[in-house]
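The chain that follows stands alone, in the form predicted alone, written as structure tokens.
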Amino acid sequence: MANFFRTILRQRPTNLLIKRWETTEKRVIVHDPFDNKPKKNKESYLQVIKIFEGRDQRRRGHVEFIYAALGRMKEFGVHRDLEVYKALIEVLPKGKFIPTNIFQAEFMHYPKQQQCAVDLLEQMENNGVMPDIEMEQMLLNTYGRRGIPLRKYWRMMYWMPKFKNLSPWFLPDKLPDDTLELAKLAIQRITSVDPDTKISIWQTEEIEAALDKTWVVSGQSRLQQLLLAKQPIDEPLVIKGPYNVYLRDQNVTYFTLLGKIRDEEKDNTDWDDVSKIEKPIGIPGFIGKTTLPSIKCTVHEQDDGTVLAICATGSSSRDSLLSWIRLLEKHDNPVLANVPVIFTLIAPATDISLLEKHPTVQDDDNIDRAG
């Protein structure tokens, strides 16, 4: 009888533990406060933060909440808003994480909470958001002067102002949503090597045979027009691309029109011979006229070819590029009517029907497959 009761007492704690574990597991519910918001904007995002702050005075689960909020920033469109990052830092309890002695300061007092603030600052840095003086005071009140998040803030304030305006190509704080405006900014950046470049915006509807109704942003200078006019008629021009240029996190695709490189002239003049000194001819050309130098020294003449024009289209299709060539011919480039053009990009075969109406534009299937 004694052995029977001893067996029951030994098994009872195990059974109770299993029942408590099963009961606890059934009561676990994962709740995401950002899911039930019908409008994904800044106001609803800040509203969720205010609800969390007012729910519990001790702010239990604040680290998990901040990590969940950081992951939803792009969905709500607030990943570049400094006010939202300040609101997330305000969620952290004040005064509790400040180290009180040298050992706590050196051994990372409350490491989980400090790492959470460092990750928040790093996400700000990745998105190009520069903190301000108010954020320094908020971090000072939360982690103290010896906290690692404050050191991260000081490094950001040292380096980010140096790199903010370092690029010579200015971009607005908020990039336009219109792809046409982005293409204009991209072509202006690419063609800035020649200040004489003219940016033109055309519509493919100007070409009657155009199938793809879209816009074309083209960049060409007077020197490039002169280089195009000097191209041999029997040598084909090549459209290369697509290439990518990035405006922050926005990607713009562009194409280049390449021609043949000019042959360098051989000069056998003995510059040490002073018996025949000619009168200096002065500066070649005059104001209002563009002339080519006798040697290959223009910025458009590269090792792989001469860049004659650059463009970006709304669809990046072969039909839009064919319309670009016709528009170049229409606007002060009549030589394109007699010079063949080769495409080096992959495009559907249905566009080949356009080539029958314009026999001067040739298509190389081998190049298409290799592109």
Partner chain sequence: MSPAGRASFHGYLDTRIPKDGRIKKSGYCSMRSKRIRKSFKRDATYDWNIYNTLVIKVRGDGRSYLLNISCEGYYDITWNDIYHYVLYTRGGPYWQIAKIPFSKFVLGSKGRLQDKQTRMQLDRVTNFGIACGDRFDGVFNLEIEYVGLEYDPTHDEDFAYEMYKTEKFITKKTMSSVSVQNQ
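Residue numbers count along the first chain shown, from 1. Computed from a predicted model, the values in this text were never measured in an experiment.
Not pictured, yet referred to below: the form predicted together with its partner chain.
Against its partner chain in the predicted complex, the set Val238, Leu321 and Thr344 makes no contact: no member has a heavy atom within 4.5 Å. Just one listed stretch, out of 89-97, 160-168, 198-206, 176-184, contacts its partner chain in the predicted complex at the 4.5 Å heavy atom level, and that stretch is 160-168. Note on the partner interface in the predicted complex: the residue among Glu43, Asp304, Asp32, Glu64 having a heavy atom within 4.5 angstroms of its partner chain is Asp304. Shown without its partner, this chain lists Glu83, Asp249, Glu75, Asp234 as candidates; in the predicted complex, only Asp249 has a non-hydrogen atom within 4.5 angstroms of its partner chain. The closest heavy atom approach of Thr256 to its partner chain in the predicted complex falls within 4.5 Å. Of the heavy atoms in Val245, some are within 4.5 Å of its partner chain in the predicted complex. Its partner chain is not shown here, and in the predicted complex it never comes within 4.5 Å of any heavy atom of His79. When its partner chain is considered in the predicted complex, Lys260 lies well away from it, no heavy atom lying within 4.5 Å. Contacts between stretch 135-155 and its partner chain, counted in the predicted complex as any heavy atom lying within 4.5 Å, involve Arg145, Arg146, Arg151, Lys152, Trp154, Arg155, listed in sequence order.
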